[in-house]
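Coming up, as structure tokens: structure 1 and structure 2, two forms of one and the same protein chain.
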Structure 1
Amino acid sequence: METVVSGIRPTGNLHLGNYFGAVKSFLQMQHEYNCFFFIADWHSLTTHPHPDNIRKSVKTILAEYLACGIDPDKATIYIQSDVREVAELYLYLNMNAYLGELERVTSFKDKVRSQPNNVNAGLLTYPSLMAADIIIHKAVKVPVGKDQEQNMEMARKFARRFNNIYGVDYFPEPASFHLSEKAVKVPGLDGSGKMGKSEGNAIYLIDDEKTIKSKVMKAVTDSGPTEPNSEKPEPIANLFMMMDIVSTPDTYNFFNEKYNACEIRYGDMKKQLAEDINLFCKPIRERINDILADDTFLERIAREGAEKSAESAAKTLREVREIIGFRP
């Protein structure tokens, strides 16, 4: 059975971007592949979180994974920092990762611009840690959103480079996996590009009805089209994209026809969208709260996941050490 790996950073709650960009694929893939889904707490250290925040966020994401429907009997769910072999592989990959290529990664360049006072080595080497996460289990498929394309290219490059340097055919090159033909990019409703935690525009799975409504009603719109069948400007296209993701085709078509006929009332559209988002989030939200209350269950899932994942990682590391020339 082919192996799949993917992870999410515990820097807050899961939002609709995480769900439709990644978790939705996890739910399908767990039935068909040998899946490892992790909580990327080492990655989150680039922003220097307080220990209490790490503990809380890791627990939250674990509960949210389970509430979304990831089944620990089917997929291995684990916390990255429980599997120390990943850090050792990260070290080996870093020895063959070059400053120039790491500096050219778009998400690194964005961070240099957005947080010039905290351009740490962890940010620079983010792609080699991500590659280690993936290839430690010799994964061939990685369900990720569109924003991760460049990091995935780096992961393939590092796997290939390791094979070339040591003259082996050891690591497979991992491919990005998307449920549909095209990778999903869940938009923000603030008129900008994608929904994200750091973009401050996220709608979280845990948000209650009132919060969802207030976020959606604030979505950026315009005064409406004046010509029939006009092209939609970005903020409006984003609103429709979100509706396409969470609402029924009939609902989408109804508002699309209104737009095309220059009869759109954005207030009505937003109300409907908020209702549909709430309908989608409600059962997940209720499960999150139930699971969060059960520390014993969460601890057991984390421990069992760590054991299963460490076993797979230790096997790879034994072989990698031998390939490199270290004692077993």
Structure 2
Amino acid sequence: METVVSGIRPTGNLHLGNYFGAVKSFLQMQHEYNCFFFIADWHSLTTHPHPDNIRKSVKTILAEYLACGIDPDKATIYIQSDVREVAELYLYLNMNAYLGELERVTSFKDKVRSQPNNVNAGLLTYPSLMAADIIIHKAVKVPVGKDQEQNMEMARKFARRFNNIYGVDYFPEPASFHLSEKAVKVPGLDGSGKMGKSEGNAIYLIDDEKTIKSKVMKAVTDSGPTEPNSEKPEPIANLFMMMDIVSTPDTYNFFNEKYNACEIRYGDMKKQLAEDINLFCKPIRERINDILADDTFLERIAREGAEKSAESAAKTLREVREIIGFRP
């Protein structure tokens, strides 16, 4: 069975865009591949989070992915910092990474512009840590967004360079497969094309009914169509796209017909959409809260995930140390 690795950065709660994008893909992959899903808490250190925030975020993300259906009996889910072997492989890869190529990475240049007072070495060597996360399990596939393709090319380069330097055929070159080709793109309700944390337009899986309704009722609309069967502008198309995702076909068709007949009442549509989003989120929200309340269960899942991932990583490190020339 082919091995897949994917990282989950602990930067806030999961929203509907995450669920219909990465999470649904993960739920399918766990039945088809040997999956390693990790919570990338080392990566988060580039923004200097407070220790309490790290602990809370890791716990929350672990609970949310379990509540969504990641099965620890089928996929290995673990916390990055629990597998110390990753840090050692990161060190070895950095010894063969060159300053010029790291400085040319687009995501690094973007960070330099956006946070000039915090241009740290972790930002510069992000690609080598990402590569270590992947190749330590000898992954052959990595589900990523297209914005990560340059970092994936760096991971392939580092794997290839290790093999060339030491004259071995040890690390496979991991292939990307893009979530966007299979995932549903969930729109923002502020009129933008994508739901996201940074855009401030996200509906989170843990949001309660009142919060969901408040967010949906603020969704951007217009004065309504003036000609039958007219094309929907982006903010309205976003509302209908969201309804297509969470509502029944009959509900969608009802409001679509009202729009085409120039009889749409956006207030009624928003109320229905809020109800349907809440119906979708409610069972997940309840599972998240139940899991968050069970520290013993979460600790057990994290410990078992660490043990399974460390077993895989330790085997790789023993062989890497031997290849490099270190004593066992």
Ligand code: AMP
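On a predicted model such as this, the values are computed, not experimentally measured, just so you know. Residue 1 is the first residue of structure 1, and the numbers go on in sequence order from there. Rigid core (definition): largest C-alpha set, two forms, superposition within 1.5 Å.
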Check against labels, form predicted on its own ends up as structure 2
Examine Asn18 after superposing the rigid core and state whether its CA is displaced by 2 Å or more between structures 1 and 2.
yes
Would the C-alpha of Met217 be classed as shifted by 2 Å or more between structures 1 and 2 after rigid-core alignment?
yes
Look at Thr226 and decide if its Cα position differs by 2 Å or more between structures 1 and 2 after superposing on the rigid core.
yes
Taking the rigid core as reference, the Cα of Leu205 travels between structures 1 and 2 a distance in Å of 2.8
Core-superposed CA shift of Ser192 between structures 1 and 2, in Å, is 6.7
